[in-house]
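The chain below stands alone and is given as structure tokens, in the form predicted alone.
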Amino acid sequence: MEWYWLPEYAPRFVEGVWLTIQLLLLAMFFGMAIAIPVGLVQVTGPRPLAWLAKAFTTLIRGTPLLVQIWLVYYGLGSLFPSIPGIRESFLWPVLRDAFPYAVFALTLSVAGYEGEILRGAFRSVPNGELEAARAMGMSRFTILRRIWLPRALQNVFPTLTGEFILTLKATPLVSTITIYEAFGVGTIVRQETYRIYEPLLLLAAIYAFLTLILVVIFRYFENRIPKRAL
């Protein structure tokens, strides 16, 4: 084992890890923002929107994430330059960067998987609790905000934690579209130093540490959720 290269590449690993964290947090935030209505509409309707949401989750879960990333980056990304005036607009510095496409692809993935999980979670909430809330005069939005959504999240919190960990471990796929997050930096190190095992061992330690942080954070919030009395 030779680690002589580590001091030279340490700053790049720090940048790569920070990029990985940004990808994960943005995908989790925007993905959950989409997953909640995707899961809810499959339970409440209307039926055309329920079919649309079902088709979305089936498509996302039925295709490899790497294919989705490439379709978004090479497909959607290749359309923008053909739009007249787009290169001169303020959007061009963003649209020519691979990072937004990676966030978009990971967001769709999170939304597809979590949306299906939340569909089952919404159905698992006892109808009697919702009926009681309606009898108390609560509006539909208040019922969703104060009872239905919290109870649904409570039922699937460990499953959501597992899905977010899987999303973290899927972030290396974006290195294929020139985003040098932690895995991308490790690849550069292997190519420039011809060291194989040491960069991979370091990457394994980095992802294990990030996973541990995720588990601790979600376990903290899980323990703060009030448990139902038996």
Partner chain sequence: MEQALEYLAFSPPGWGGNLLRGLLSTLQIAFGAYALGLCLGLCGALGKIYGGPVTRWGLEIYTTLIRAVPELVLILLLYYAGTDLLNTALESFGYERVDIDGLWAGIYVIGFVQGAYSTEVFRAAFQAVPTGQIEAARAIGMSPFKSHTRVVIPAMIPFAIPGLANLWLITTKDTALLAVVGFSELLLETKQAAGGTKSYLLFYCAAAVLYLLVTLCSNVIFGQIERHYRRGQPAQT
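Just so you know, these numbers come straight off a predicted model, no measurement behind them. Numbering follows the first chain given and starts at 1.
Keep in mind that the form predicted in complex with the partner chain is missing from the display, and what follows is about it.
Checking P93, G75, G85, P126 against the partner chain in the predicted complex, a heavy atom within 4.5 Å turns up for just one residue: G75. Highlighted residues P37, W148 and F218: none comes within 4.5 Å of the partner chain in the predicted complex, counting any heavy atom. Proximity of Y194 to the partner chain in the predicted complex: non-hydrogen atoms within 4.5 Å are absent; the residue sits far from the partner. Although the partner is absent here, W70 sits close enough that one of its heavy atoms falls within 4.5 Å of the partner chain in the predicted complex. In the predicted complex, the partner chain stays beyond 4.5 Å of every heavy atom belonging to I213. The partner chain is not drawn, but in the predicted complex it has a heavy atom within 4.5 Å of L79.
In the predicted complex, the residues of 45-69 lying within 4.5 Å of the partner chain by at least one heavy atom are, in order, T58, L59, R61, G62, T63, P64, L66, V67.
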